[in-house]
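The form predicted on its own is given below as one chain in structure tokens.
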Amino acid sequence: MKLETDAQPFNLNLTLDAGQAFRWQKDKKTGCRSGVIRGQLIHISQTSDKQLEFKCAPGPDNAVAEMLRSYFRLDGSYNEMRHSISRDSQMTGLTKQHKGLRLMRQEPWECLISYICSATNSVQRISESMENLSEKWGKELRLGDCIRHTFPTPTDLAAADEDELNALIKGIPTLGFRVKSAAQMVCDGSLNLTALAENPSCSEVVKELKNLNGVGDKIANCVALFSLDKTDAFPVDRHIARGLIQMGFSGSQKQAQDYFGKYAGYAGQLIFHHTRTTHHTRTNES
């Protein structure tokens, strides 16, 4: 099925490779991307600047098309974001260099667990952890010869054995406890992700998320930005801190948020992607 974009710049591969989401896989022969979103197995590719093509299971196709519009923010806000943060020549340059990189609107529960699993972890290890959890507790989905699994529910992970979680999640040994604890809080209602999405205050949402075991400022801001529509959220990791210093900031999160305003999170994502890829290239060349 074909899906028209919003006629504003959109680059599928750039968006999926920018370190926001962790369950997208790439077919080395065709370049097609495979992912699971909200219980749907998606195969998607970009056929032109303004058009995507996808297959899905179980469907229906038209409902999945609308879900993908939301997921990739094909809602007409891209140019507004780009113009809003282009406050100096450096940011204007980044928006041109990484043209078509969109902020993604992920499913909050899966996004939360992915970033809990991100503590001191690489993108590859986070992806492995998320796949391990899905293969163990998720439901099987098939599309042609491709077999993937839905992400487990809070109930699934709340009931899971902590030692088994630790065995499946790559990284520090306390991640299983953190994942189980978050699942239990969702199940007992002490964490309401839907209410957080509806709360217009980024600071209040970040504060609430930081009540979870192992969730600090960076992870809370990532979840707020990538799944709860808080486009002013501004996660700071080593890549963004390095980029801010290179741009003349002190590295202060608040300073950057105040400077970039409503779409500070988009500015941060550009800085993150640019600094990470540039540093990686320089490291490999040295």
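For every residue, the number given is its place in the sequence shown, counted from 1. Fair warning: this is a prediction, and the values are worked out from it, not measured in the lab.
Here the subject shifts to the form predicted together with the DNA, a form of this protein not shown in this document.
Taken together, the three residues 171, 218 and 235 all lie with some non-hydrogen atom within 4.5 angstroms of the DNA in the model of the complex.
In the model of the complex, the DNA sits beyond 4.5 Å of every heavy atom of residue 74. The DNA in the model of the complex comes within 4.5 Å of a heavy atom belonging to residue 214.
Shown alone here, residue 19 lies within 4.5 Å of the DNA in the model of the complex, counting heavy atoms only. The DNA is not shown here, and in the model of the complex it never comes within 4.5 Å of any heavy atom of residue 274. For the DNA in the model of the complex, the listed stretch (192-200, 140-148, 91-99, 110-118) containing residues with heavy atoms inside 4.5 Å is 110-118. Shown without its partner, this chain lists 256, 44, 36, 240 as candidates; in the model of the complex, only 240 has a non-hydrogen atom within 4.5 angstroms of the DNA. Residue-level contacts in the model of the complex: of 136, 105, 125, 180, one residue has a heavy atom within 4.5 Å of the DNA, and it is 125. Contacts between stretch 29-52 and the DNA, counted in the model of the complex as any heavy atom lying within 4.5 Å, involve no residue at all.
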